Structure formats: C-alpha cells, structure tokens
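Presented as structure tokens, the chain that follows is alone, the form predicted on its own.
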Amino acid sequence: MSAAISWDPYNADLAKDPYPTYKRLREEMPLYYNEEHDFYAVTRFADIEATLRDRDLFSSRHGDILEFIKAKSVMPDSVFIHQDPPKHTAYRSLMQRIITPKRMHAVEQDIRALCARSLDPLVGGDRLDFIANLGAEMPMRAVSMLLGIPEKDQIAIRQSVDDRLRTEAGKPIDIAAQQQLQQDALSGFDEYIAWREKNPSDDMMTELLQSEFKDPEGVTRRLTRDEISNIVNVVAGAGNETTNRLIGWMGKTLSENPDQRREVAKNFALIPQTVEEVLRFEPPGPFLAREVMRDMELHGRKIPKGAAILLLVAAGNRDESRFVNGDSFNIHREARPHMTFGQGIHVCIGAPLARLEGRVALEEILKRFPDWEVDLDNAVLSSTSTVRGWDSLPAWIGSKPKNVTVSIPKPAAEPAPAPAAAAGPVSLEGTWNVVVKGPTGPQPAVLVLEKSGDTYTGSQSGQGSTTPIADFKLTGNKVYWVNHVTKPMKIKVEFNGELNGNVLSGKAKAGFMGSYPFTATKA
C-alpha cells in the first residue's frame, strides 16, 4: 500500500524535485485538497486548460497567487494581470498595442549585444554561472531598455522583484510586507515617469505616456501617473523573472542531456523547439491560482464558492495523456502547446519577449561554450513559492576537471565590534562623512547633526539633494536614524550603526533594495 499523498507549495525539500509527487497526484488524486492551507489543486492538463478558459467560474479578481486570494487582496485596476473583464480587457488591449511583434523584432540585435556583453568576458575561462553571469543581467537590461529605465537603476529594480517573490522556507508570502515592498517599488518609478514625460523617446514608457485607451468605464483617455507606475512595475517584474529562470533551466537541462545539447550546438535551427521543450519541462512559474465563483463539482468532489484552486502547470506539462513520456526531455517531441504561459484571456502578454530572449541567449551561449557541466553541488535553488528556479547555477566550461572540488566561498564573518571608547561619550554634533557600499559602488553622503537637550536633529546630503533626517536614536553606542532619499528615486533608508570613537559603522537598509554596509567618520 502506497503512502498517502501530501503536497505543500511551501515545502522547500519537495521543491527540489516535485515531479514524482505531481505524477502520483495526476494518477491517484487529480483533485487534491490541502487542509492545512485550505486550497484545492488540479494536476491534469485537461483540467488546467478548462479552468484557465472558464473566466466566469474561475476568477482572477484577487490575483493569481494563493496568498492573495486567501487574503481577498484588491489590486489597482491597472494591475491588469490580477483582474477580470472588463478591467483586464481595457488595460490588456492597450498593452497589446504596445508589446507588438514588430517591437520585439526590433530589439533582437540589442538583446544579442547584451548577451555578448555578459558572456564575452568569460571566454577563455573554465567556469560560468548561468544566473550571475547571464540570467541576472541580460533580462534586467533588456526589459529596462524597452521601458527606458536608466542602467544605473536597473539593479535596484531587479532586487525589488526578487524581494517581493522571496519567501521564508516553509512559510507563505507575508502579504503585509509584500504590499509595503510593492508600494516602495512603485514610488521608485515616479521620477522615471516625470523625466521621460519631459524627454520622450522610442520606448514603452513614452508610449504609455502618450497613448489613449478606453478605460473600464468606457471613457477614452490617457493613463494616469499611478496607472503607468503600476503597469511599468508589472512589466519590469515579469520581464526580469521569467527569462532569468528560463536561462537557468536551459543550463541545467542541457547539461543533463549532453547528446541533445551537442545536436543543437551543431544545428541552431533546433533552438526554438529546444526553448519550448525547456519551458514545458521546467516551467519558471510552476502553478497559478484562481478563486472559484460558485459551488461546483470535479472528479466526484464538491468545491465550495470562494475556494482557492491551484493549477499545477508543472504537473500538467508532463501529463502522459498530453505529452508522450512527459517526464523525459526531448527536443524532437511533437509540437503541442504547453501551459507555461497560461491560456485563455490571461495568457502571458510577455511570452514573445521571453521566447526571443531564450532563443538569443541559447544561441550566444552555444557560440562560445558548446559544452558545459553544471556544478549542482554548489548550485542554489531560490527560496520562493511562486516561481521555481536558481539563485546560482555554476558550471564548468567543457567538463568537470578530474580530482577537482570547487565550493562556494562562505562570506567572511562580521568582525566583532570594537569596544566603545572609555573616555566618556563622544559628541555626535557636527559633520559626518558617510559612505554606503551599495550594489553599484560607494555612495557618499554628508550627515550634519545638531543637538538640543537630549534630542538630535539634522540633515543628510547626497545625489544632489538634501533632506532632513528623522527618528534619530542614541542608545549607548548604538545609533539609528532615517533618511528619506528623493533622488535618483524616492526611498526610505534606515541606518543602524555603532559608535566607536569618531567612527560610525553598520548597515543601511535601502527600502526594497536591501541592506548595505556603511561607515561614517567625523569631519
């Protein structure tokens, strides 16, 4: 007698290889109910397809993520991927006029140049990381180029996307924290939009600013600033995430199927169908969610109105009734549509861009590195329940050298803080030269502090602007303050440090961008 089937989207161990469980669910329990998290799940291709196409019975009004549906989350109308008609129809129709095959064709050579920029420095070496060296770079730059986001701000955008998708192992998304990250991200686009409005160009943001559409109430108008922020945030997030994961899965899957990889390397005409097979075999988004709008019955079991139902796309993509030997990777299999980009009215609007980037990326990789072997011992699977892919996927160029063991170096331990000066408290009043070691290099600023009684006030200058500090606290030798930065984007920066003599050191948490070390010395 086989063990009972249990599937939990937050189980990090199961995420490493969910496919045996998916197979059992398809065969033994095509409608699965998880009592702990109170959701239903379907795994057969036909059931997933029917659900995606029945927009009246299965709603996206609270989004397509389980936690959002359970929380009855309400998104702005312009976050159209999380809406039903007519809201979805109005904004999607506008986007279909902007994300066109002609625009995608026009950027192919730019995407190829971005791949070369990432890969050329690796030629002649013996290692590459499919994520760090390509997946985390090219998609971010490509979608930012389409939108008109300056390169100096692109890392912050990608980090925002990563932070919003990441979950603590074994736990659902923290809705409140996610909403705050979302709000921080949206505020970061305000300056881009204002600047592009005064400096129009041939990019999507300019077109969003200038295009008219018929809104959900039937009024013909232009988008508001908030609507543009929402749409740009959706496009930037989806454009970064899907292709990043796809590149990682291409690296792993073709490493594990070297005969097929070498065949593709000799015949680039096979690349489009190879990309499709990778998308089927390892979809970056393994499942979607919907809300059930009325009582229904499926596979002899009742599902109540208001229930959340998960569509396990990754399971349906391997359904033997749809794909012969579905658990095997085969670049020559019969061409049949898969579910990776969804179906029906919510089919992924960015799918043409993801396919283009995947095709160009694989061509450029194979031109330089026709053989590789993934170093799975040192690969890192992402901690997120909404997408599945790699944070790091290192590989040997060619094949793994014999008798060689490579490990990822552990980060150096934080040095123990020096003891506070013994000769009484150091005056904080005056000018401090602050340097934050951000992702794009050192970021200097000047902090000026004034004291009145037991209270400190002051200002901080940097990036061409000066803003007052807030919430300054001194507890022993622990120092905390907040700086509300306005340039190059609006963001809250929290400084937590220790005072040792005339030096302050610690971490600066820059909103959705993450935390970075800082030091400050008395001028």
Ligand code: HEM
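Residues carry their position along the shown sequence, with the first being 1. Because the structure is a prediction, the values reported are computed rather than measured.
Beyond the structure shown, there is the form predicted together with this ligand, which is absent from this document and is the topic of what follows.
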Quiz item: Within 4.5 Å of this ligand in the predicted complex: all of G239, F341 and I345, by heavy atom?
Solution: yes
Quiz item: When this ligand is placed as it is in the predicted complex, which of 316-324, 354-362, 119-127, 444-452 ends up with heavy atoms within 4.5 Å of it?
Solution: 354-362
Quiz prompt | Contact flag, R92 vs this ligand in the predicted complex, heavy atom cut 4.5 Å | solution = yes
Quiz item: Using 4.5 Å between non-hydrogen atoms, is T274 touching this ligand in the predicted complex?
Solution: no
Practice problem: Using a 4.5 Å heavy atom cut-off, state whether L393 contacts this ligand in the predicted complex. | Solution: no
Quiz prompt | Contact flag, H88 vs this ligand in the predicted complex, heavy atom cut 4.5 Å | solution = yes
Exercise. Could you spot which one of M138, L312, I309, L246 gets a heavy atom to within 4.5 Å of this ligand in the predicted complex?
Key: L246
Self-check item: The unique member of V374, V436, V234, I331 whose heavy atoms fall within 4.5 Å of this ligand in the predicted complex
Solution: V234
Exercise. Could you list which residues of 54-89 come within 4.5 Å of this ligand in the predicted complex, counting heavy atoms only?
Key: D64, F80, I81, H88
